[in-house]
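First, one chain by itself: the form predicted on its own, in structure tokens.
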């Protein structure tokens, strides 16, 4: 478990000006969780990672990592952490095997234990053929996989990944992401993985929960699905029909259901193949939360509505698709809403004009 409570970090610059990198941040990361840390440059993400790693000390507040306090037990915490940075930092004149052996010794591991662990990780991350190659000759993707093995060598309870696929080509980036998934699947499910990245698609593929940081403050924390639901409470889905048009009585009946927010018919929503005599239309249905539907899964509600449409003899369903928002959609909306709130506050606080 990682638990931050009112965590604040300030940096003193020349002229005794305090720069607040983190401002009263409270957050929890649970055991076994792959957690995403998002935010623009200068938001405080790296500062938070350095505090977890005990490379920095907090100005105020508390930070507990794996049961230890970061100010009182930094050595114990560092022994439980593996760190993968954007820049691998391998000794280029040394072989891959020697690089990993050196770090194993620094972690206090026995020689036999180091060799067994290198053998295991090189097989898992697919670089057994590179063990005798000098690190300076590795490609960026190979270097990143070796660096990931180095971070995992001592079987840490917490794995910190700072831009793990930055500057990698798509194939290498995918290989690193798959390695992270595989490692987490083979762990005892108690390891915490924190992914700090600007690649929202990558975070969405790896993480279940995220925290969005801006100007040292937590904007929002939660699972991607829950954040999406909170931002777009009225989910919608589309039913593509052919062979007929829903009657006005049936559309009125649908619109009166307590789970339905609105109903629209979109004509000519699909391009038909040349020579086709079929015509399609789209029935777009918006859902809303109601006292009777609050405990029901949206997929169940959609299925019930689809059954009602399918029961109409003059309508033939071609396809059903529900609207889905990506993590990028969630992130951009939250940041736009925050900027709008700041702008509104500034306008309200501005002195009146004569």
Ligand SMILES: Nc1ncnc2c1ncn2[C@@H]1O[C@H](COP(=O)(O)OP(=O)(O)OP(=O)(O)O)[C@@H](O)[C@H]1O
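Numbering follows the first chain given and starts at 1. Given the structure is predicted, the values throughout are model-derived calculations rather than measurements.
The same protein also exists as the form predicted in complex with the named molecule; that form is not shown, yet it is the one meant from here on.
J.: Which residue, 157, 220, 86, 204, has a heavy atom that falls within 4.5 Å of the named molecule in the model of the complex?
T.: After the contact test, the surviving option is 86.
J.: Go through 64-72, 306-314, 26-34, 40-48 and give me the stretch that gets within 4.5 Å of the named molecule in the model of the complex, heavy atoms only.
T.: Going through the listed ranges, the match is 40-48.
J.: Are all three of 81, 120 and 191 close to the named molecule in the model of the complex, meaning a heavy atom of each within 4.5 Å?
T.: No, the whole trio is out of contact, none within 4.5 Å by any heavy atom.
J.: At 4.5 Å between heavy atoms, is residue 332 in contact with the named molecule in the model of the complex?
T.: No, residue 332 stays farther than 4.5 Å from the named molecule in the model of the complex.
J.: Quick one: is residue 19 in contact with the named molecule in the model of the complex, heavy atoms, 4.5 Å cut-off?
T.: Result yes; residue 19 sits at the interface with the named molecule in the model of the complex.
J.: Looking at the partner-bound form in the model of the complex, is residue 284 within 4.5 Å of the named molecule by any heavy atom?
T.: Looking in the model of the complex, residue contacts with the named molecule do not include residue 284, since no heavy atom lies within 4.5 Å.
J.: Is there any non-hydrogen atom of residue 137 lying within 4.5 Å of the named molecule in the model of the complex?
T.: Residue 137: no contact with the named molecule in the model of the complex.
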